[in-house]
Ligand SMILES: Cc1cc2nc3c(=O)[nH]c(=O)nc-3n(C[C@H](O)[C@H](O)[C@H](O)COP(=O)(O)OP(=O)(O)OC[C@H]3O[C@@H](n4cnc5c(N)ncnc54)[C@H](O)[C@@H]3O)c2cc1C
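Listed next as structure tokens is one chain, alone, in the form predicted on its own.
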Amino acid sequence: MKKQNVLVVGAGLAGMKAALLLANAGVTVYLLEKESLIGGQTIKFEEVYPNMECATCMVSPIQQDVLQNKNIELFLLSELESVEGETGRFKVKISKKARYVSLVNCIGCDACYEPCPVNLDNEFEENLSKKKAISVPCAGALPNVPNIDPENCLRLNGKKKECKACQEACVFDAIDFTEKDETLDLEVGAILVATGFDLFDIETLPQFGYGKFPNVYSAMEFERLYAQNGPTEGELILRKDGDLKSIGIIHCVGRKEQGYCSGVCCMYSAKFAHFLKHKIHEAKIYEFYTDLCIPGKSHQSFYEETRQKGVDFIHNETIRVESQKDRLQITYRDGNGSDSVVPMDMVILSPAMIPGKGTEQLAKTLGINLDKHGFFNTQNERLSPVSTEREGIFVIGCAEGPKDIPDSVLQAEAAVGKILASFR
């Protein structure tokens, strides 16, 4: 008889949805997440297109259900080390890092943060804010319990072994410096991979001025700038003169280098224009694209609505971001070979979606292949888009390739259906 336990690797939206569907069907789910919180990239968003819904309002109930479901065992700060066996009888080894903060005792009061003497860039906030060696990535993180970074904690890295600042500030006895990393052995009937995506490194393309000129932001930086739980609590970082009159959003950054269209950049770039028009009515918004990709029955109307707000969509063959007299400017060549220059107060770059960090190593651990773009390969992109060549191992969401939220959820449902059918 096959083991009716499932390992889900990745606790983003697709992984959480799959875990809940399996758990609600009576299956024991081991949900593995390398970060200290659940929710994935979606919890960085303020709104999601096409209805401009509150992203955290959409995701928070799912996160709560995951945390409370008795059939889901959550392993945070954990990674998959090895996989042996075959479908129905996989033996997996998991490495789980110490959190040094009790998920039971901690009430999320944040009294331990301020006393910590260490200040670090907050990677979750795209380095737009600082954090302590003990912290949660952002306001509203779930579980709302910090973890201690052992590499930067003065006590744990040995630079100041007597430091107990956070421990002394905690009245709930939640901090335990003696906690150790663990290795866990589990048996599962199937493995579902939902490790999400990263974004193309736009610093490798100097023509866009990222990291060189102020007020040039990546798409994810801009997401955090206008998020209410972000580093500025939704207040845009303005020019020195305090005015934003002209804003350029550049699509397809890295598309040529990656060799594929992510399929979602046009829509989330239009989302930015919606937000900016709502926030700064008089601002002039330009969307620069090499090719428009507007799939889905509701997406065309969202695009048309964006145009009706006065947003200019400009096709370009080549494009550069430059600085002239302390002001940005975009120089582009259109399809007719004509060159134009537009002054800008802010530029937002929409990069290609790429495989998540660690994808190549995880593929080796799982014994499955990657496609030519570096995403996990499936048996047949059209007829079997969630099954890998190794029976019993499935891949969903952006781990399989770039896609939006509805398509990620659809794949989660498909993979769960296959897994449940195999357990009969």
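Everything numeric in this text was worked out from a predicted model, so none of it was measured. The first residue of the sequence shown is number 1, and the count goes up from there.
Here the subject shifts to the form predicted together with the named molecule, a form of this protein not shown in this document.
Checklist entry - Might residue 316 be said to contact the named molecule in the predicted bound form, defining contact as any heavy atom within 4.5 Å? => result Residue 316: no contact with the named molecule in the predicted bound form.
Item to check | residue 11 within 4.5 Å of the named molecule in the predicted bound form, heavy atoms | outcome: Contact check for residue 11: yes, within 4.5 Å of the named molecule in the predicted bound form.
Next on the checklist: Can you tell me if residue 125 lies within 4.5 angstroms of the named molecule in the predicted bound form, counting non-hydrogen atoms only?
Outcome noted: So residue 125 does not count as contacting the named molecule.
Next on the checklist: Under a 4.5 Å heavy atom criterion, is residue 63 part of the interface with the named molecule in the predicted bound form?
Outcome noted: Contact with the named molecule, no.
Checklist entry - Quick one: of 253, 249, 353, 188, which gets a non-hydrogen atom within 4.5 angstroms of the named molecule in the predicted bound form? => result Among 253, 249, 353, 188, a heavy atom within 4.5 Å of the named molecule in the predicted bound form occurs only for 353.
Checklist entry - Among 303, 286, 268, 332, which has any heavy atom within 4.5 Å of the named molecule in the predicted bound form? => result Checked against the cut-off, the match is 268.
Checklist entry - in the predicted bound form, does each residue in the set 35, 45 and 79 place a non-hydrogen atom within 4.5 angstroms of the named molecule? => result Checked in the predicted bound form: all three residues contact the named molecule.
Checklist entry - Since the chain is shown here on its own, which stretch among 339-347, 305-313, 287-295, 189-197 would lie within 4.5 Å of the named molecule in the predicted bound form, judged by heavy atoms? => result Contact-bearing stretch, as computed: 189-197.
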